[in-house]
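Before any questions on binding or motion, here is one chain by itself as structure tokens, the form predicted alone.
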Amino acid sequence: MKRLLVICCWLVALTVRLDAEDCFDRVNEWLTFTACHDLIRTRVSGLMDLEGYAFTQPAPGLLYTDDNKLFNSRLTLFLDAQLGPHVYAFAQGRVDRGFDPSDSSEQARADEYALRITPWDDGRFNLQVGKFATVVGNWVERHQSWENPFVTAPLPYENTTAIYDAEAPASAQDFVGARTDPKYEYCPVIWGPSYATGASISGRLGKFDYAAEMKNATLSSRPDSWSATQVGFQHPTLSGRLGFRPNEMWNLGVSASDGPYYLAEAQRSLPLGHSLGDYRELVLGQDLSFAWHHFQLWAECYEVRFDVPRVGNADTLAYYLEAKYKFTPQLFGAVRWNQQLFANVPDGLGGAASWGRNLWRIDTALGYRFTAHLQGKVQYSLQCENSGASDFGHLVAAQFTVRF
């Protein structure tokens, strides 16, 4: 960890020097390689993130600590390789304290690696295989720290529900009861960018975009499940998105996903005569983005159904509306409204009860790009859960990013 902090501080100090831009330009040249008269071109790039969080317990979203503050550092390296005009390969590796910020020890891992083939120059068809982010929605395209105007993800991508993918509930009463296991045991609607393994096709036909994928794990699956060596393709998930771009300002899309969400170890806890494939996560989504001069707007809405053993259908609705405005070429502000609502399910006592806590959250952020390689952001979030105790949660976060 100390070594990583030293590297971060060195890069931050480098960017504030008068010749910082020239230094980074030279670094970019060193990290770019060509061969065969430019038919093969590879480039290494990266992000160095320093993050600090202060919040009221329990820790919100996918932050994992028993303290009321957390420091997190992250090094992300990208490899892009163009092999002629029709073959492209990419990979992403990270050194951090877990895929989601936590107080655990450092670890290194490969999050993405894929090969993409584009037979035609007009982009009408692409075939991609490997481990890569989902095609569902529009937030995934801007989830990296440099593009995301906030420090945290929208609510649908990080709010854990009562879905426990390693063991089925013993009864309906057990499902709607208080959660006693650690938060990491439970799953959100979509776990971050969902870097599961599989294959996809995508392309653009006139004003329409299309994408479809077959992955080894559902959108709600945890990072430990995304590798094919951990979860195979016995129960694949199918997802897709259809987009429409009427003009340069608007991008509208609809998404869908369907697949079993239980891990293999949950088989022993399922009702007799049932298998993992009988219990599925069904996701329907709508998204839009709008850009006009210095103003940008994004929104996503997900209607989600989990088929839960001994309970039935557990439905939830999660959405957010996000706006960003550039006050100057370097200074920007953003605000995001998030909300998630849970339907009622049988409570095992002859009645019905909500299977989750309805909540809303408002995120505000202010960011500044000091140079083309250094960015700083601060965020404040206020969250309220309908838990009966009128509890409000607060989060203050800061993030410094160096891009090279």
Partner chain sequence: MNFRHCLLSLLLFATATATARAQAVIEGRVKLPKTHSTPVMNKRYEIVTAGGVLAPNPPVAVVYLAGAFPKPTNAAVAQIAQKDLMFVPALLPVQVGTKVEFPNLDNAYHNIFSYSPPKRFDLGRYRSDEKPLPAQVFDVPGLVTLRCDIHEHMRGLVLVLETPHFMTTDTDGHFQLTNLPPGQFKLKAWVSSQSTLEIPVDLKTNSVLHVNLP
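These numbers were taken from a predicted model, which means no experiment stands behind them. Residue numbers count along the first chain shown, from 1.
The following text describes the form predicted in complex with the partner chain, which does not appear among the structures shown.
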query: The partner chain contact in the predicted bound form: S104, any heavy atom under 4.5 Å; finding: no
query: The partner chain contact at D307 in the predicted bound form, heavy atom, 4.5 Å; finding: no
query: 4.5 Å heavy atom contact, E29 to the partner chain in the predicted bound form; finding: yes
query: Any non-hydrogen atom of R268 within 4.5 angstroms of the partner chain in the predicted bound form; finding: no
query: Partner-proximal stretch of 156-164, 184-192, 129-137, 221-229 relative to the partner chain in the predicted bound form, 4.5 angstroms, heavy atom; finding: 129-137
query: The unique member of H294, K207, H274, R109 whose heavy atoms fall within 4.5 Å of the partner chain in the predicted bound form; finding: H294
query: Proximity to the partner chain in the predicted bound form, single hit among Q286, S73, S171, Q144 (heavy atom within 4.5 Å); finding: Q144
query: Candidate spot T42, F90 and D121, all three touching the partner chain in the predicted bound form (heavy atom, 4.5 Å); finding: yes
query: Heavy atom within 4.5 Å of the partner chain in the predicted bound form - qualifying residues of 357-375; finding: R369, T371, A372, H373
